[in-house]
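Here's a solo chain for you in structure tokens, the form predicted on its own.
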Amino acid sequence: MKLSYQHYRRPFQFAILGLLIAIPLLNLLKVDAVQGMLCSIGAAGYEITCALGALQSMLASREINYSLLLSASVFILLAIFLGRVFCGWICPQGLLSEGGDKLRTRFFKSSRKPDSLKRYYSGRQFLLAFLGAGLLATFLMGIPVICYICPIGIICRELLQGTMLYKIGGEIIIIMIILAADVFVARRGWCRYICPVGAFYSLFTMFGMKVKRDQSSCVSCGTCQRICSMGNSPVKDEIVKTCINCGDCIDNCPEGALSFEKPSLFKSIPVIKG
């Protein structure tokens, strides 16, 4: 039996969450081969840093930090070659929001509709404006403003605080508000219309891996657009920058008409024949 992307993605998401829980516990036991959290995690003298966090750090300090740029390059390269896989495969808030989406679609069947292109462009304007406002505030105030409301940072801080101090802070309310809004207000609303991290990585996805449709196999049943929690419509070839390359549409296509195509960056590389 052919394994679906879900068979790989879900264990990977839980593995990332498990790692975030295990690192502070291991550090308490003096096992410090790996240190930090998803915002900045390091091992063997090398760090991987959230690219948006790194940009905020440089804007706040008004200095270019080349080592920070290097550590931030991993997630940027990931977006360039594989699209927004950080959102669909790594982000712990994404995993929580998917759970919220299952509740929403169970109780609100009519909510399983794709975004119109008009709504998508309106949402994207707000998304980029929110990102821009956060970066401007960071520059003017000298503090990483976005990090204070970013659910990824909040989850990491709460896991650290829960492990080290055995208590949960008030920031967890923000996560609860996001999940409640996802269920009762807008399907995956944070990820689609607000999240500055997703907005930032979407700026680098123009050459990344994308979902493609085989028109000869497609019967226009619409299953793909109903299953897509990010509001895309593969059946209409409307796969925009909200796509997180989760593979759900590919897994659920009854005709096997959808697949991932290789990054367009590779298509432009000429083949040299001997």
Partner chain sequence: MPSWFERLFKGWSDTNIRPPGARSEKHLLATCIKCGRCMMVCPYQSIKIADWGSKYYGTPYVDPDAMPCYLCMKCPEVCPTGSLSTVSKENVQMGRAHVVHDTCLSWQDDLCNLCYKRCPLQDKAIDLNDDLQPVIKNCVGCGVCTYVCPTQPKSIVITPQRNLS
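Bear in mind that the values here come from a model prediction, so they are computed numbers and not experimental data. Numbering follows the first chain given and starts at 1.
Missing here is the form predicted in complex with the partner chain; even so, the following discussion is about that form.
The single option of 234, 208, 231, 53 touching the partner chain in the predicted bound form, heavy atom within 4.5 Å = Selected option: 53.
Here the chain is shown alone; which of 165, 133, 103, 77 has a heavy atom within 4.5 Å of the partner chain in the predicted bound form?
-> Result of the distance check: 165.
Honest question, do 35, 41 and 154 all end up within 4.5 Å of the partner chain in the predicted bound form by heavy atom distance?
-> Judged in the predicted bound form, 35, 41 and 154 all sit within 4.5 Å of the partner chain.
From the candidate stretches 44-52, 209-217, 222-230, 236-244, select the single one in contact with the partner chain in the predicted bound form, where contact means a heavy atom within 4.5 Å.
-> Only one stretch qualifies here: 44-52.
4.5 Å heavy atom contact, residue 60 and the partner chain in the predicted bound form | It does: once the partner chain is placed as it appears in the predicted bound form, residue 60 has a heavy atom within 4.5 Å of it.
Is there a heavy atom of residue 196 lying 4.5 Å or less from a heavy atom of the partner chain in the predicted bound form?
-> Flag for residue 196 set to no.
Answer for residue 161 alone: is it within 4.5 Å of the partner chain in the predicted bound form, judged on heavy atom distances?
-> Yes, residue 161 is a contact residue.
4.5 Å heavy atom contact, residue 99 to the partner chain in the predicted bound form | So residue 99 does not count as contacting the partner chain.
Stretch 11-30 - residues with a heavy atom within 4.5 Å of the partner chain in the predicted bound form | Those in contact are 23, 24, 27, 28.
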